[in-house]
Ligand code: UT7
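To begin, one chain is listed below as structure tokens, in the form predicted on its own.
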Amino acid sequence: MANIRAAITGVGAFLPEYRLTNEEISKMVDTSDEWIMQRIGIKERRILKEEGKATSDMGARAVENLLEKTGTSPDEVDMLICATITPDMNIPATANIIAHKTNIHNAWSFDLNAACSGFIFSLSTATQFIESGRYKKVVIVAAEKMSSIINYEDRTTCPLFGDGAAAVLVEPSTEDVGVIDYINRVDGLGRHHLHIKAGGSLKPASEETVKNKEHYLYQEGQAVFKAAVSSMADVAVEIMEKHNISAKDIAWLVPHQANMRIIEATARRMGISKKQVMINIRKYGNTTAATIPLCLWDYEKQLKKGDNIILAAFGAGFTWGSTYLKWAYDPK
């Protein structure tokens, strides 16, 4: 019997219409388009402005797009994983809300919180259920309304993040495609450098926490940058060495879109050219868990069946990892 691999067989996405430009950001805080472009590489980011709309609304639109593109009925879906750090509410899981909004009634679903590594951690999880033969169709949706946890008076964080969602369908394949291997790691000490201080059981919401703006994302930029550069590059090179993959064997690196300097440092360590790197940070910013699948959606027409692809991410926690896969289909 042939080995079963978990293969991505389709990609869908949704992005809000509103574009928050660097010029607008520079009117909010002491920064400039030139500074943001040189230091980060972001020109604009999408923001979900509609009243009463949340992460699940973007996630549902991405899933609907995915199901339509792949000709998949909601009733065929066995499991739905939502990678997010901006859930609609603490309970229930945003995955459950997305399943309801997309008429996925025969599946179970759950949220996965690994920050910017959320998609690759979710793909590793889905891979287990597919490879075991238990499930045939798993949907992973990475959705973030980062604007809901960003302080637009904080110049260290507000230029970085945007809103958006992307979804993939994962199915079994007996061909030489799909997920080959992954390496995922965490270091809880990283929580001191990148976190939201209040709102959890350690420091519940109070008048004081709201007044002190402790429900917004806090980041120590230099510490996070240093850890991201080394960890993301190290794990990408590690998976190359483990499978004896050379730079010329790689069709695409799909890196988390947090900072152009981190992306470039990872590519240099891997010995690959810029032409082999998926980059869309300029137009979407850092959409946290959604950056990698948004890249796959953006570049889908350039992907060919059998392409060697390495995904690499680093996020709060700290979390980081790399996935090696072979693309499963030609452009449609």
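Quick note: we count residues from 1 along the sequence shown, nothing fancier. On a predicted model such as this, the values are computed, not experimentally measured, just so you know.
Keep in mind the form predicted in complex with the ligand is missing from the figure; the text below concerns it.
Contact check for N65: every heavy atom lies farther than 4.5 Å from the ligand in the model of the complex.
In the model of the complex, R155 approaches the ligand with a heavy atom inside 4.5 Å. In the model of the complex, the ligand stays beyond 4.5 Å of every heavy atom belonging to Q276.
Although the partner is absent here, D30 is a contact residue: one of its heavy atoms lies within 4.5 angstroms of the ligand in the model of the complex. The contact residue chosen from Q222, N90, S201, N244 relative to the ligand in the model of the complex is Q222, the criterion being a non-hydrogen atom within 4.5 angstroms. Only one of L303, I47, I40, A265 lies close to the ligand in the model of the complex, with a heavy atom inside 4.5 Å, and it is I40. Comment: 255-263 is the region of 202-210, 166-174, 235-243, 255-263 lying near the ligand in the model of the complex, near meaning a non-hydrogen atom within 4.5 Å.
Taking the ligand as positioned in the model of the complex, the only residue of 284-302 that brings a heavy atom within 4.5 Å of it is N286.
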